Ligand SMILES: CC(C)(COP(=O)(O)OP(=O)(O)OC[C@H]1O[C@@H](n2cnc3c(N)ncnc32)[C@H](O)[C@@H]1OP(=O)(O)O)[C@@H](O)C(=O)NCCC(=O)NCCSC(=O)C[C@@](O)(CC(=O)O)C(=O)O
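Single chain ahead, written as structure tokens, the form predicted on its own.
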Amino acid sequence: MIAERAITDWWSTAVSEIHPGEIRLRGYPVEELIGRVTFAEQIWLMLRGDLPTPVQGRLLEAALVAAVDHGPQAPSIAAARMAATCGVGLNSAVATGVGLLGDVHGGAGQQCMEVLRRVVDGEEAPAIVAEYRAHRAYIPGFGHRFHPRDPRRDPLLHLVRTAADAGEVPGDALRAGLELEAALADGRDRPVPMNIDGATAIIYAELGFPAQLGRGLFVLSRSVGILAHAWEETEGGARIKGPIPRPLLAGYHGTPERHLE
């Protein structure tokens, strides 16, 4: 016989404790959390084990709010909308969109946090920029395909700067991000300002989250936009919408028409 403790400890967790009539999250009875903590504070509690300070909670909430959506041209949003027209259900439509958030689309924040760490640890920002340019690679978190200057950059960095001046966060990641931004602009006619991935990477780094959780928090944030778009498409009642309008056909560049002899 297997000892009961060996079985119950198979999925032992420090996150939640459940008994009949009782739910405790990181030790707090859920009824004490309901109506008294924000969703951002609850996220912090679940991931970090305790409640954030008011400033930490506001910074986390600001980053989550800023990254919720960037329109249906984003592949994750477009895929969720297409899935919603195929009768798969709202949960599957959202999962379809979230499933597209990988290294290329959705991973820049985590990658930027890793670069910020290099600068904080003592590497020179111009040397890192030169390294990326030598490989014809983009530094994650800087520049944007649509925005000459990402409108989310300034309010997020202002919040971080205010928190750093008050001693609520170290300010090291903010300094690193600004040094990278300056190094990217050096010698160019037009600067390469930080984008949403860079700004939120600074916030998550200042708050002490590891880079992998930076990506996880972005996915959590963007899933709100994915849900909203999938629901809008579901309410519209359209069926089997493809990537381009029906009167248009995808281009073809294969072998010209041919026939069996």
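Just so you know, these numbers come straight off a predicted model, no measurement behind them. All residue numbers are counted from 1 along the displayed sequence.
Not pictured, yet referred to below: the form predicted in complex with the ligand.
Contact annotation for Ala183: none of its heavy atoms lies within 4.5 Å of the ligand in the predicted bound form.
Interface membership of Asn195, defined by any non-hydrogen atom within 4.5 Å of the ligand in the predicted bound form, is confirmed. Using a 4.5 angstroms limit between non-hydrogen atoms, His135 is distant from the ligand in the predicted bound form. Contact check for Leu159: no non-hydrogen atom falls within 4.5 Å of the ligand in the predicted bound form.
Picking from 83 to 91, 168 to 176, 96 to 104, 120 to 128 the stretch near the ligand in the predicted bound form, with a 4.5 Å limit on heavy atoms, gives 96 to 104.
With contact defined as any non-hydrogen atom lying within 4.5 angstroms of the ligand in the predicted bound form, Arg222 is the only contacting residue in 220 to 251.
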